[in-house]
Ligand SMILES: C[S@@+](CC[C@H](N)C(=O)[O-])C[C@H]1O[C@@H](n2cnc3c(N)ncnc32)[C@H](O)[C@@H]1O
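First, one chain by itself in structure tokens, the form predicted on its own.
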């Protein structure tokens, strides 16, 4: 066990509220600060941004009633930040595990705060005292582990055994919270490690943590946070669609949009959660990830499908894509670029149909580089958005980044405003 791994799972200092930081060094574009915040810290999300970024957007939108939408909901940072500040929210999310995490963090926790969650604490005490009895060998996660060696010997049966116990002994909000405690313990106790992408641990990586200790501490954390922060949850979160490109309707007109779409050639965040998806029976086998990939924005090289028809030509994108046609080491790369912006145009279009005129759309995004060709993602998104009824009001640097070849890249917050159709 090394300090970074331990700190990631069990933050030592918990910030009970969300004090606003000022000045340089703020990490609005990354999840880091959330690791010390109640409820946010249950599931450290590599692709997430800070609670404070959402808080800023909410404050700038005014003190009245807001209808907040996150078209790429992830694990619910926007939804949770909105709820803690008294606002209902809506979100889209393709990944069923992440959508479930968001629902548990906001809606289930809100419900649990109104009742006893002592069963979660008693489960933690039982696991610490007695360990975990092995479960069925017929579970999908066990079958996957037999083929791929995802866990140290015996651990996968403990995972299944505890999930079976939870299903038998608990119900309602306590059941969902306990299941989240198991799900968020999977990667730290497995032979896998999440370093942007999910991969096998190497010799220099931290060793897997013991399952019983890890899940018991997660359950204690969840119990503590429900008691301390759960009563502050005032807003509900509603999943209004899986695929943001296909968003058809929202229960109420949207008045604020805050999101971070998948970065171009970014993390395959469905594949990254395959252990959780299998453990919770959200997919039956790894091959089921293919359908989630099809339903996702074409943001990674493995998302480029021959089954997709060629997208409509976007003139602003073609200048970059044609350069890649000439130099790319993989001909999927220029197609990836074309499909990504075509998909994002559909998102801008579907969201515009749900908002009132004058709605702010805050979008966190970074640029990319392939084969020496810079892809100015924020600038291209601004042009695509303009064609769908959004005008760019400002662009704010969140942090400097580096590409794999060392070239400078940026992460920015684009602020759009919807205009008259």
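Given the structure is predicted, the values throughout are model-derived calculations rather than measurements. Residue numbers count along the first chain shown, from 1.
The same protein also exists as the form predicted in complex with the named molecule; that form is not shown, yet it is the one meant from here on.
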Original post:
Tell me which of 256-264, 326-334, 180-188, 310-318 has residues with heavy atoms within 4.5 angstroms of the named molecule in the predicted bound form?
Top reply: 256-264
**OP:** State the residue from 341, 150, 269, 100 whose non-hydrogen atoms include one within 4.5 Å of the named molecule in the predicted bound form.
**Re:** 269
**OP:** Could you work out which of 215, 156, 244, 106 is the residue within 4.5 angstroms of the named molecule in the predicted bound form, going by heavy atoms?
**Re:** 244
**OP:** Using a 4.5 Å heavy atom cut-off, state whether residue 42 contacts the named molecule in the predicted bound form.
**Re:** no
**OP:** Evaluate residue 390 for contact with the named molecule in the predicted bound form, applying a 4.5 angstroms cut-off between non-hydrogen atoms, and reply yes or no.
**Re:** no
**OP:** Spell out, yes or no, whether the shortest heavy atom distance between residue 77 and the named molecule in the predicted bound form is within 4.5 Å.
**Re:** yes
Original post:
Would residue 295 count as touching the named molecule in the predicted bound form under a 4.5 Å heavy atom rule?
Top reply: yes
**OP:** At a 4.5 angstroms cut-off on non-hydrogen atoms, which residues of 89-104 are near the named molecule in the predicted bound form? List them in order.
**Re:** 92, 93, 94, 95, 98
